[in-house]
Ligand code: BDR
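Given next, in structure tokens, is a single chain: the form predicted on its own.
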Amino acid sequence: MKKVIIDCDPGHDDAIALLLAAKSDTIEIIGVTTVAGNSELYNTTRNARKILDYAGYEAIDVYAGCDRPMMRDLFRLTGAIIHGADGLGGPNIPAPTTPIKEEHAVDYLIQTLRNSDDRIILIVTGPMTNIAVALQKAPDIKDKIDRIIMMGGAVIEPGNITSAAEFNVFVDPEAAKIVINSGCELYLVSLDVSMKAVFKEDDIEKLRSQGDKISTTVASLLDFFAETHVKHFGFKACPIHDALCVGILIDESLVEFRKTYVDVPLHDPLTLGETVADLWEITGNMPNCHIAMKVNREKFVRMICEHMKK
């Protein structure tokens, strides 16, 4: 079993990532940490607990983390218009009944990594604030991190906040820079690939037709997600960005990666939060990050459908 901590900001695609990991036979979620991003921390934490309770995973602990980026105010606009006012618009999922753990997510990350006999995989599907703060407070935890799989960035295609920057990196570019330069084994699932990992209308109907509680609820989540994409981007399909980070742990052939040097500029407003990749290998810097290059969309859709009905 692959032991993972999921750091997230649910968010429709985060919620599906949580369900995919929880339902996998090869992944053990040892904890979930939340961060402000797609919505304020109260909402993202509540949404994580809500989706896990609804699916019957009350035993998975949830820890609330940083309520703002390291050096900036929280950027809310895109998260709200895409995911709804509470971060998880669509079906009426009951309020959670399992309490949130009292320990701060950063402290939980540090103590869990320090005390683990096993190396742990971190799946990061929101701004990287919690991970960056933990690495700064306790650099020794790096030795216990097997790898960090991150949803974020835009290398070849434009960003979704500015022409250069993707949402998760733009929200907290200082945190992204710390994580990307941490020396950990890194896998970056960027918009270049995640925007191709879409559920089309037929895929949503296939999921709904499975008829079970979770499949029909996820289909309703995707209905909402698809409508916001029609309104703001002009196409009716849902890129399930964050679930790709889980999917590659279930089937490594799902996404093709290439290792190269990546960094994040902080000082020029035009490029703030860009993930700059040395694809031509001209900087002389050592490669520090595996970046996603290609995804098998059909395999990904099948994976989601099959796991939701488990």
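The structure presented is a predicted model; accordingly, all values stated were derived computationally and were not measured. We number the residues from 1 along the sequence you see.
One more form of this protein exists, namely the form predicted in complex with this ligand; it is left out here, but the text below deals with it.
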* **Interface residue in the predicted complex among L222, L191, A132, A197, criterion: non-hydrogen atom within 4.5 angstroms of this ligand** => L191
* Contact check for M151, N160 and N168 against this ligand in the predicted complex, heavy atom at 4.5 Å -> yes
* Give a yes/no on whether H241 approaches this ligand to within 4.5 Å in the predicted complex, heavy atoms considered. => yes
* To do: Answer for T33 alone: is it within 4.5 Å of this ligand in the predicted complex, judged on heavy atom distances?
  => no
* Asked: Just to confirm, T44 within 4.5 Å of this ligand in the predicted complex by heavy atoms?
  -> no
* So which of 8-16, 282-290, 21-29, 296-304 is the stretch with heavy atoms within 4.5 Å of this ligand in the predicted complex? -> 8-16
* **Partner contacts in the predicted complex for 102-126 (non-hydrogen atom within 4.5 angstroms of this ligand)** => T125
